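As structure tokens, the next two blocks hold two forms of the same chain, structure 1 and structure 2.
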Structure 1
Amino acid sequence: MKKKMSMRLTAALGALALVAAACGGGVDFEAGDLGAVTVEDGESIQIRSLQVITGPDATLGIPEERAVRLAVADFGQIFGHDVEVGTGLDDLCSADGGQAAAQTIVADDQVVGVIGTSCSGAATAAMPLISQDGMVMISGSNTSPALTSDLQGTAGSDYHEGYYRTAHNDLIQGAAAANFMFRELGLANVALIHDGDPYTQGLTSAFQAAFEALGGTITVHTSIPKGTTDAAPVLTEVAGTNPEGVFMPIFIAEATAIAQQKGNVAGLEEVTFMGADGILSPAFIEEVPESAGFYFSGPDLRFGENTNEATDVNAAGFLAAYDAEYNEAPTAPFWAHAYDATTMLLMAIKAVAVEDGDRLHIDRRALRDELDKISGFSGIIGTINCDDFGDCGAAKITVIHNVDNVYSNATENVVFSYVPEG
């Protein structure tokens, strides 16, 4: 069962104010325990985008930021009110960045909900503030199991009410990567490298559990310091354990150091390297020649004719609009997830908004309840169903192979597909 928050003073005051307004001739509206947002005549409904939009991992967040804005434009007005995203906020792919941005968001009591964060580490620090303030947040690319659950009914250590995501849970990606390396590549001994971030550590832990269950051996489960430019110590440690493969679901800066320096370490010449969606970007595949030969796990991007039911937009339509607006293709895999997350939020707002003449009342508790019950929603990513802890996305993982350092070729070179049983 989800955690229930006690009534806050601000929510109570908000309810009293709205009741008073109703007595003055408006609709008979009373806010729930989390309060409500009133959008006056001529005002816009406020949502926010919180992604990583600067630094080495910006190629992950910028396509999500743009997808949010394209989804808002495609969805249109809600009962005559525009939806305003405002200035994009930067999660910096860090806890500090997530917390600072969340503080900015909750300082504005007109904000209804947030699309973000890009990085799980940022979400762990942002979500306590977002949840406490009665808001909702839907991420297109957070994948840490800690943010939702173990998929067996137990809440994760960083779960907070009001959190949802269209991205997969990394318990699934970990199992997919483990199955690929053990069953498809025939590797029995694999080393793991994380960077201490909730995403990277959660994914290596999920991989280890699945790989060992298959009969494989983890030779070492180690870390590389975030921001390091010297990968020699961790590579030497890994080489000393004689692995056949290395699974390193880390971010671009650290992955670049490893890729560029692994050739200098004896014992790694024949070792197979595999990353994940955190480095599935032109910034790694095309700008780091040494990434040739790497495998990558990530979301299945073969969307076909899947159509978002709220906007009637499919993948081809989105990509055409994206190219027309930004003169390039998305540089990371979670653009469709961010688009669907945004339309989920907008649909839920529309479903719970109470018209009061030319203004709207949006109850925060009702909004969470509406998102909780999403089932069978058709998105670009496929059918979206939200469980009790906010996992809503299509649980399909693929593995791709980079053979020529061309990003578009790599993303189309699917060598393994995985869907969990059941």
Structure 2
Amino acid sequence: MKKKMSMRLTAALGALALVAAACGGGVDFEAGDLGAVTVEDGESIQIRSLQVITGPDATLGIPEERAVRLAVADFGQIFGHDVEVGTGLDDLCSADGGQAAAQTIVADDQVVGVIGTSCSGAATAAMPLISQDGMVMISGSNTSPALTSDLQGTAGSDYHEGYYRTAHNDLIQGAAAANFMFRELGLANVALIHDGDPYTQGLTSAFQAAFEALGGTITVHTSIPKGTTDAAPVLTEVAGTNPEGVFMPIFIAEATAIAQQKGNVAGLEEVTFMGADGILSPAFIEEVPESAGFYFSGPDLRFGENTNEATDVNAAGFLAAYDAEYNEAPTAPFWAHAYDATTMLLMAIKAVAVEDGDRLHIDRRALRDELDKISGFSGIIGTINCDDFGDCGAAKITVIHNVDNVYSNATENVVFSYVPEG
């Protein structure tokens, strides 16, 4: 209540003060119903990064936070004001972690927007706070349909105004993978393995629905809990159902165990394995030789000459800068999404910011409206269009085939691409 009150105070009293101040400055600025941020002369525009940066899922979030920082550096100043990301916040890949971090963010009235979260579970609990305080949040890797919509025009159960994402909706990827396995590979019997994560389980469920609708059979829908190193039991369970293919949209540690140990389980020799974007990274494709032959569904990573229109940076340029700064390649493919998300936010800020002498006013309502309107924005991930529920992703899923354990070859080796109809 106090927060809301102080927000309204900012809106009402603040607006008065601003009007008073504006009389001196000469610009007539009036804040909308969500209030506004005023950046004083010599101060920075505050945005925040909220990703998972510790614990086992940090491989997902760290490249995203770094991409946010690189994007801010590439974008440069906005009307003479620096953009500051501050200390990278940690969503801990959990609801409570997301909520606690969101609390830290909303405590600072100067924050305009957030790039995050990494994990859908964290967004579920963070968004009510972010939304209530009038901020916007753009995620580079949340994919849960509940956060946006079912793509049929019905808002998801956890949708809140002010939420956007550049990552694709799970429903698209589930359908893409199912179509590929059933139509392209001609597999009628597929086993599914998730790891108990909301993301992976959501994806296997979406796959199951799409696959069964196509007329295929799911032989078993099982799970390899996070932290499992002994994959023999789950592989035996899968092998016992005689599948022709296995779809396992899980993460690197468990996928490595499965790839390395599948050779020891009789009956899996001829089975086709397919993973998703959780393992679509050099850490799996190059470091694990047994991943040869795997298919991967995920966002189209043939960024090629796709250039972010705000910064004129393409994938090659980004990766070179990343390597120079951090001595390694990104450990997850969502760096591009986080980069585009950041530039989207900065573009929108630039579009709505009102110059008032050396100060800058950013209206929160106008910022949301601006993001809602985004369409045809060219980013590294492709053309970005935001729908009514914040899904801004490129909505194109590709399937690649790993033949020679070279990451760049694999990402170029696209065997299937899928764009939802309509």
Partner chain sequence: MIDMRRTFRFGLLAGGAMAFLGGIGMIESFNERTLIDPILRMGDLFLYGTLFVIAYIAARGEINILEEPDYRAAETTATGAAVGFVATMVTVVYALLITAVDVVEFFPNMDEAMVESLTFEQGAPIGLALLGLASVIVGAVGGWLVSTADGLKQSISKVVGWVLGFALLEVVVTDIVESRDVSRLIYSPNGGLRLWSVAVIAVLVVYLSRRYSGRLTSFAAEVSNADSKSRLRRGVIAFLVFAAIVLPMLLGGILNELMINVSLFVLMGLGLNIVVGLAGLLDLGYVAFFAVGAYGTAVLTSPLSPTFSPQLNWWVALPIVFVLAAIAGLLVGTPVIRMRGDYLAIVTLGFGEIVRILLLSDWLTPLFGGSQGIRRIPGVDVPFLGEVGGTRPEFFVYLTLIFVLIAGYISYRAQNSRIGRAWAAMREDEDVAEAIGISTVSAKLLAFVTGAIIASFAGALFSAKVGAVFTNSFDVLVSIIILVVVIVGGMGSISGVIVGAFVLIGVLGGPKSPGLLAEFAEFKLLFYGAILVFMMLKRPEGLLPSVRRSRELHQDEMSQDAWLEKGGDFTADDAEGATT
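The term rigid core refers to the most C-alpha atoms you can superpose between the two forms while keeping them within 1.5 Å. Just so we're on the same page, residue numbers count up from 1 along structure 1's sequence. Just so you know, these numbers come straight off a predicted model, no measurement behind them.
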- Task: Could you let me know which number goes with the form predicted together with the partner chain?
- Result: 2
- Item | Two-part rigid motion between structure 1 and structure 2: residue 335 with residue 182 | no
- Message: Can you give me the rotation of the smaller rigid part relative to the larger one between structure 1 and structure 2, rounded to whole degrees?
- Response: 17
- Keeping the rigid core fixed, work out how far the Cα of residue 277 travels between structure 1 and structure 2, to one decimal in Å. 2.7
